[in-house]
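What follows is one chain in structure tokens, specifically the form predicted alone.
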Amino acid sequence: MWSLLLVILILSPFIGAVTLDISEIFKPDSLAYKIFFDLRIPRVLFAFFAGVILALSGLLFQTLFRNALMTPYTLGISSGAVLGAGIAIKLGLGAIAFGIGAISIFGFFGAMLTVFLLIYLSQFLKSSQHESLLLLGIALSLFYTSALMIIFYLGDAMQNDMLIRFTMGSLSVIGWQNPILLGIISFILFLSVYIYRFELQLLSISESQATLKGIDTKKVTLLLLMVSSLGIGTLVSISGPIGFVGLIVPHIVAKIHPTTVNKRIIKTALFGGFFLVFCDTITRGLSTQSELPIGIITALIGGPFFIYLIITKAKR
């Protein structure tokens, strides 16, 4: 399976609406060169790093809260980012600072605000009430969706079109700025998770077990949640919401490699990157009038998987 995913990663830049002549790719003055190095390669790398962030964030949330259904998507963090971006679109804001778009900045703060809100609300829950936290996340998502509908109602046709496209998710990037930014953030997230891999292993068993080993569970949990949310907030503010990757990938890796959490970190990160590149390759390879949004593909795969998880969890 890993070999197949690696082959997909290598072949992905050659798949798209425009068929590239391999002999023209390395000629700097050719159109093929510009398409390959300014569009295709950056997009594949962007998809890979996005998959790493989503998969590792899913693994983190499921481990820290010991709940198979916990992800930034189901907890409303992605919805918070979408609402923030929607507000920026409605206000018609452009670049705010250092050339960074208002949509990205508002989306990032929407995600981070949701994280702080969840952390604050979780203080009123007992340590065993992680299902209640999931319900809080769902409630926040519904609230954000309602607020977004108001923006839709008040917006004009152009604003609504921008918002609809944003909420569907897209990995379409031009140039290397966003892939490099996401690459740095995914590396920081991976490094943070890997450094605390043994603490995560203990936390996956129970919080009391980790405390008995001398681990400051609140500090570790807060730090990892903040780094993960930084990654998710940045990603969603650029690409829009890409659901279910953080839900699917950790479970698939756990099925393929049924080991402890600390030994699945690298495999989860790699599989997440390969998986999203595979999904993005499907969207570019389909013969449609316009490119199918990546969020639709991941939702089509993730929706049934989410139902499967709920049913199997209820049977236990």
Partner chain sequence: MIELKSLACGFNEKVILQNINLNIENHLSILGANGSGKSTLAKAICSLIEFDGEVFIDSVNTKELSLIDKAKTLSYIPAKLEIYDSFITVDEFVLLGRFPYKKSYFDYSEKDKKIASNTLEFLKISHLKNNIVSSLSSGEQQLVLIAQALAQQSKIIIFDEPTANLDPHNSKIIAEHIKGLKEYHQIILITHDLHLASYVNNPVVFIKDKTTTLYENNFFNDDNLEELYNVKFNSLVAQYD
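Numbering follows the first chain given and starts at 1. The shown structure was predicted, so the numbers you read here are calculated from the model rather than taken from an experiment.
Here the subject shifts to the form predicted in complex with the partner chain, a form of this protein not shown in this document.
- Query: 215-223, 114-122, 177-185, 144-152: which one contacts the partner chain in the predicted bound form at 4.5 Å, heavy atom to heavy atom?
  - Reply: Of the options, only 215-223 has residues within 4.5 Å of the partner.
- Query: Is Gln62 close to the partner chain in the predicted bound form, meaning a heavy atom pair under 4.5 Å apart or at it?
  - Reply: Although the partner chain is absent here, Gln62 would touch it in the predicted bound form, with heavy atoms inside 4.5 Å.
- Please check if Gly285 has a heavy atom lying within 4.5 Å of any heavy atom of the partner chain in the predicted bound form. Heavy-atom contact with the partner chain at 4.5 Å: absent for Gly285.
- Query: Is the gap between Lys263 and the partner chain in the predicted bound form 4.5 Å or less for some heavy atom pair?
  - Reply: Although the partner chain is absent here, Lys263 would touch it in the predicted bound form, with heavy atoms inside 4.5 Å.
- Query: Taking heavy atoms only, is Ser30 within 4.5 angstroms of the partner chain in the predicted bound form?
  - Reply: Close contact is absent here: in the predicted bound form, Ser30 is far from the partner chain, nothing within 4.5 Å, heavy atoms only.
- Task: Can you work out whether the partner chain is within 4.5 angstroms of a heavy atom in all three of Asn67, Ser206 and Thr211 in the predicted bound form?
- Result: Answer is yes for this spot.
- Message: Between Thr167, Ser132, Gln201, Asn160, only one gets a heavy atom within 4.5 angstroms of the partner chain in the predicted bound form; which residue is that?
- Response: Filtering the options by heavy-atom distance leaves Gln201.
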